[in-house]
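Two versions of one and the same chain are coming, encoded as structure tokens; call them structure 1 and structure 2.
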Structure 1
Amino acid sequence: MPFQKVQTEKLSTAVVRQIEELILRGILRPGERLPSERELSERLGVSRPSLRDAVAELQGKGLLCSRAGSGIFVAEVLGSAFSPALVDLFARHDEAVFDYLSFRRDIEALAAERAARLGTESDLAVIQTVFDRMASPKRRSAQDDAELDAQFHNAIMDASHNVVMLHMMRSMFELLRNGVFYNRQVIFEQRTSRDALLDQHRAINDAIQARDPSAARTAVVAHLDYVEQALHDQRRADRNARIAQQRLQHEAGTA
């Protein structure tokens, strides 16, 4: 049915959303103290009880903590890389997805450059091995493809010989693996995507094996640009499917 139940957002929900965005964007930092309830409610234009409802919800999510007589603070644990509360925050806000891809493009381009320059023969052999498995015509599920994709990018990261970069990207990849940013199996499910992705991985592998840092960088950027475009296309397709479904329901006269 094209008409859907309407629900206006509760006031406290709008407050939660605003504070979450300030935390997500790094404007409010871990450990930082917020203005007092009285000041905050004035700035937000809501009553103290409404603000307190929102603060209670944010406390429940692990993003804020308040102490009677002291104030309200952004949770310290958000400072540790990818605490559950932060991961949950990423998962619930779309803008994190494209920031993640943008950041990953930059870091992985650096890693590929370094791999082409600094990677040992063993490193390059590992990358070639993973790529050979990807290129193998053996039947695989989208999940297997996604797993090989992770192995491939991890192998390049290993070959960059920068442990800080390595561990940071590993934890981010863990989030990707758990579907926090987007469901990456979807991209492997389409034949045309898989073929294109394989070509891109081939270009990356060839550039690294040829020890061509510039080509490696270019290939990685092109690859992640493609992934981002595929995400945009997937979302547009999802949205179009919803609209088409609404039209169908309207045409069919179903409730």
Structure 2
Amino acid sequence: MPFQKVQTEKLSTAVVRQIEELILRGILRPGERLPSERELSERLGVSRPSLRDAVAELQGKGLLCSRAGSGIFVAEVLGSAFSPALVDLFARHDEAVFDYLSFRRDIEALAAERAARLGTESDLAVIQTVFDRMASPKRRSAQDDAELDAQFHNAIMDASHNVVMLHMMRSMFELLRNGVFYNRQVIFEQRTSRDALLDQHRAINDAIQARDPSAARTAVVAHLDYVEQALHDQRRADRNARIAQQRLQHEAGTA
């Protein structure tokens, strides 16, 4: 018979399982600092020795890391799915930029559909909160706008409740944040672009809040189509500016 004796679970094992689940679900993020040993042991209701055993096991698995004098952190390695060599290759080839946008269009359209269907009321409240910050008339830099943009898309990914999709896209957004694929700030530097992007994000948010999966997918596709065209236009403008500068230099040299 396929039965085994029930064994009492060690406290440290229960702690390991809980922290693993928080990391898996994206609640604890790469680089995030855990509470102090005293505070964490109180929150979990375990002794410090049991907590230390759990932390040591999680460090051995590469999920946590310690920094001298700073504490225990979720390992940064969780945020990168690509080797440095591949990241460098992405950064040096324009082909990767538009393949990245195509990939985002497919995955984020699916995530928005899932968020509209499966997102909890708390998930939708987070998305709404981030959008409200985006819609605030408060003056912000292009960098701050770009950060809010990333938070909005990450909140939708979280609400899709697919942990593989969540971690994969967080890794992709980290590359975007570091300017590997393109500089998001460029898109936010023109007032017309900022207004258009806000309207697009409003359409995505409205569809998700209305729990309309089809409209959510359509809004995401329209948004990323706009971003792709904006990047094509920017590259064309940069090329034209270089050519014009060459002409100017040539004319100045022959005058």
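Just so we're on the same page, rigid core means the largest C-alpha set that superposes within 1.5 Å between forms. The shown structure was predicted, so the numbers you read here are calculated from the model rather than taken from an experiment. Residue numbering: sequential along structure 1, first residue numbered 1.
Exercise. Between the first and the second structure, which is the form predicted in complex with the DNA?
Worked result: Only structure 1 matches the form predicted in complex with the DNA.
Exercise. Is it true that residue 230 shifts between structure 1 and structure 2 by 2 Å or more at the Cα, once the core is aligned?
Worked result: Where the cores coincide, residue 230 shows only a C-alpha shift between structure 1 and structure 2 that is less than 2 Å.
For this session: Spell out whether the Cα of residue 210 moves at least 2 Å between structure 1 and structure 2 when the two forms are superposed on their rigid core.
Result: It does not, since the residue 210 C-alpha is displaced less than 2 Å between structure 1 and structure 2 after the core fit.
Problem set entry | After fitting the core, residue 57 CA displacement of 2 Å or more between structure 1 and structure 2 | It does, since the residue 57 C-alpha is displaced 2 Å or more between structure 1 and structure 2 after the core fit.
Exercise. Taking the rigid core as the frame of reference, how far in Å is the Cα of residue 16 displaced between structure 1 and structure 2?
Worked result: With the cores aligned, its C-alpha sits 45.7 Å away.
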